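Take a look at this one chain, the form predicted alone, written out in structure tokens.
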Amino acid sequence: MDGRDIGAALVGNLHFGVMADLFFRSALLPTGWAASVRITVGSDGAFADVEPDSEPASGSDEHGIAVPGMTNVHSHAFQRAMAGLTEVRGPEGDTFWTWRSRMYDFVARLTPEDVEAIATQLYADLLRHGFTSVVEFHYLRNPPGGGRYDDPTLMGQRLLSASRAAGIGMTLLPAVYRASGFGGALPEPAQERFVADVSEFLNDVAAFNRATKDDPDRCAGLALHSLRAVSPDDLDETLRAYRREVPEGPIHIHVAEQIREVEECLAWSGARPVEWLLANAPVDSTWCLIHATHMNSAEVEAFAGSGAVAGLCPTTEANLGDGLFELPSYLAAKGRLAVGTDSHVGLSPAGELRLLEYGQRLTLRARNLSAGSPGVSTGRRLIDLALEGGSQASGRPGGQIAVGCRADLVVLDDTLPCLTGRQGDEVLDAWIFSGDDTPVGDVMVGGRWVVRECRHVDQDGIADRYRQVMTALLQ
């Protein structure tokens, strides 16, 4: 069965009334940890019943520990194919900006077929590590050399196809990309694959909303690539038109990732990036600010107060030399966060949360900084924050094992050494902080098993197609 067949089968299951009856020795529910939990999944792919302190039904599927599936809040799927290919020092040293030039060179070669194969492999890998949905920040829109595909949504449709083939939930965000610098500077030739008119981007949003309308595991929203890539006029026009059609849809934007970006924003506007955005755009709980690495104390307080989510990607931010997010003060201000894997040099929710905490420990020379209060598990607090923030930022309700929510869950194998003897929140602390081996055994998305016994259900077929593409690209 190839990727398209498995994707069709997974979606088809919804329409043929499949119902799962599951039993877990323990499960993380909205009320906390519960023992002997029987879970029923309805034919609509949502949790139909969740019963703690139960007995397994005759013939039910029995498992160890269930935790809610997590949203990967920021992805550029095509960049997974570059992982490990930019680690040779250039003649004048390396920065984010030299990495970006190499990324432009790489992306110039990618076809729609390449992107679909790369994305399918990535999504299968994300599932194996415990992500059950992904927010795809999609800006690779046009053919090599610029111009337009006959269907201008072709690349985005390939990403949707990849998500269906892998069985991962998706929020697809076509990204408005109009300029090369603050104030509307003309795009560089290498950016021609990303740019279009505002009206074209809005047409993309409408098309992807139609394409996902009847798919409960997928939806669409809007991305603004960054303040340097979207002028104030374009930002205003886009937001007004989008909000007329989609009053509460998700909006994501890269902001304040690099010091140079902050300096250029100050030179252009007299304000820092997060400061300018909060003063000039209607940022609220439907927004997700990606990175927001470089903020002063006033920006931290204002950002947290807006209700927006900070989309943090610690492994990519470390790989690119971005810097560290202002985590302790942001959490103290009751800020909301989620994690993503961005360029996909990491693939694991546990890995992202671990580095998020460890970065603060290295800088502040203290421990358990994310816990917030005495007696609180660091792993539990980080996972609670990421589950809630990821669901909010994706525009897809979830992040809980509760009646009515999508049946997205991760089964942790408590027979493995890393979880031996762990109970309750100790399980989450061990998952995040005990090393690199993942205890993720099985993964369910929308009531369908997509990972069983640590293997994706179409692992070999997906990998074969990925190898063919990468062999050709790297010749």
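So that there is no doubt, residue numbering starts at 1 and follows the sequence shown. All values derive from a computational prediction rather than experimental measurement.
Only in words, not in the display: the form predicted in complex with N-carbamimidoyl-L-glutamic acid, which the text now covers.
Taking any heavy atom pair closer than or equal to 4.5 Å as contact, tell me whether R100 reaches N-carbamimidoyl-L-glutamic acid in the predicted bound form.
Contact with N-carbamimidoyl-L-glutamic acid, yes.
Would W287 show up as a contact with N-carbamimidoyl-L-glutamic acid in the predicted bound form if we use heavy atoms at 4.5 Å?
W287: no contact with N-carbamimidoyl-L-glutamic acid in the predicted bound form.
Should T316 be classed as touching N-carbamimidoyl-L-glutamic acid in the predicted bound form when contacts are defined as heavy atoms within 4.5 Å?
The answer is yes: T316 has a heavy atom within 4.5 Å of N-carbamimidoyl-L-glutamic acid.
Can you tell me whether E352 touches N-carbamimidoyl-L-glutamic acid? I mean in the predicted bound form, with a 4.5 angstroms heavy atom cut-off.
The answer is no: E352 has no heavy atom within 4.5 Å of N-carbamimidoyl-L-glutamic acid.
H254, R164, R158, R218: which sits within 4.5 Å of N-carbamimidoyl-L-glutamic acid in the predicted bound form by any heavy atom?
Answer to the contact question: H254.
Listed residue (F106, W268, F96, Y358) with a non-hydrogen atom within 4.5 angstroms of N-carbamimidoyl-L-glutamic acid in the predicted bound form
Of F106, W268, F96, Y358, the residue with a heavy atom within 4.5 Å of N-carbamimidoyl-L-glutamic acid in the predicted bound form is F96.
Given a 4.5 Å cut-off on heavy atoms, tell me which of 277-285, 244-252, 75-83, 379-387 is the interface stretch with N-carbamimidoyl-L-glutamic acid in the predicted bound form.
Correct option: 75-83.
Does each of H225, H291 and D342 have at least one heavy atom within 4.5 Å of N-carbamimidoyl-L-glutamic acid in the predicted bound form?
Yes, each of H225, H291 and D342 comes within 4.5 Å of N-carbamimidoyl-L-glutamic acid in the predicted bound form.
What residues in 128-149 sit within 4.5 Å of N-carbamimidoyl-L-glutamic acid in the predicted bound form, counting heavy atoms only?
Residue within 4.5 Å: Y139 only.
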